[in-house]
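One chain comes next, on its own, written as structure tokens: the form predicted alone.
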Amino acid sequence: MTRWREALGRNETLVALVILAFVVAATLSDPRFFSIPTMMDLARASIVLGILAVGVMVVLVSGGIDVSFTAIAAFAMYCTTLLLVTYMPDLPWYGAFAVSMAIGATLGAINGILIAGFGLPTLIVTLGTLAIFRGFLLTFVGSRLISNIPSEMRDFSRMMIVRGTNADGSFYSLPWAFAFLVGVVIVTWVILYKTMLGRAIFAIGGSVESARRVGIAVRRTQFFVYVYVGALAGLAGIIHASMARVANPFDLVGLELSVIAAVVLGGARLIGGYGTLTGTLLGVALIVLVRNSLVVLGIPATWQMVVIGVLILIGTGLPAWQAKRAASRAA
């Protein structure tokens, strides 16, 4: 009985139940909602959001917070596309992805130096670099839409894992970009749960001082975290540009709330030391469902932010209430 209560009290379980309720409600409103094309559309919408959310989860686990990741993604995406269009139009798509990830990692390293090297607060640093990266991009790099993206990037957007047509004539497809989300999840899982580096990340999130006392290289670990998040942001950015077939410097920035909401709903604690990839992916699924199914339910799209805000309050408030209740019982 106690195990059942613990399972029901976990964020992952609650989020899964909410997702189920959303799917049932949307299907009752429109029977076509629960169909292969809709599920493929939701999976496609989860790719960029999911990659960014995995990176943010790693930061939260380490006890920090990063709000600059969308600016890094936009910067890396736009600079890479501009570089390719101007100098290397025939560079293979995987070369373009490597360039974007390298730019993202470099920008992430700036965060890492300020946070790990100088000991500055993570929120203040990333708020500052969010403005700096975005301002630099729009002022010195460019603010015009690039619609003539390289052919290799367009070719990548046409690569499909699955494609087909339903009996009613509706078309469905799942791009190979989804495999990158799967790959990011696998690599991150290995880092967090199968390496000493992952244990160090969790330890720092639990207590920086305790981690130092047991010999963990705190600064080096923190630096890695922000470089890794920057690289993932660069990957998410170039995938977004490839799938959209356009590089827009005004894209992605503004997704911070949705990404952080997904991670928090998945159970990651803002104080650090805890977070799961399963919970994060469930949180992403819920946010994507909210953003894509409100119209089906007859709710205006303008309510999206309201619903996401409510979900954040529930996702952060419920664990805090449970912890307080457990503490009062123990006393």
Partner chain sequence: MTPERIRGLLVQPEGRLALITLLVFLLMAWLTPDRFLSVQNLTSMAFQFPEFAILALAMTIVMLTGGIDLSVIGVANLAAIVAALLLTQIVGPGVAEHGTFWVVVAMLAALAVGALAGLVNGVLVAWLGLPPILATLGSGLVFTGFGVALTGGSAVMGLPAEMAWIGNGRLWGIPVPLVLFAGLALLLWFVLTHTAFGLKVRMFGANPLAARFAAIDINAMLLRVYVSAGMLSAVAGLLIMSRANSAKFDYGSSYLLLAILIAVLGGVNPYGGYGRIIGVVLAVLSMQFLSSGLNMLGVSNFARELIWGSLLILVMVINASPNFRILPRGWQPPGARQGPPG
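Source: prediction; values computed, not measured. Numbering follows the first chain given and starts at 1.
One more form of this protein exists, namely the form predicted in complex with the partner chain; it is left out here, but the text below deals with it.
A131 is the sole member of V187, A179, A131, M159 with a non-hydrogen atom lying within 4.5 angstroms of the partner chain in the predicted bound form. This chain is displayed alone, yet in the predicted bound form one of V290, L49, M40, V264 has a heavy atom within 4.5 Å of the partner chain; that residue is V264.
In the predicted bound form, the partner chain sits within 4.5 Å of a heavy atom of V310. The partner chain is not drawn, but in the predicted bound form it has no heavy atom within 4.5 Å of L174. The partner chain in the predicted bound form comes within 4.5 Å of a heavy atom belonging to V125. The partner chain in the predicted bound form comes within 4.5 Å of no heavy atom belonging to Y87. Heavy atoms within 4.5 Å of the partner chain in the predicted bound form belong, among the stretches 91 to 99, 139 to 147, 224 to 232, 77 to 85, to residues of 139 to 147.
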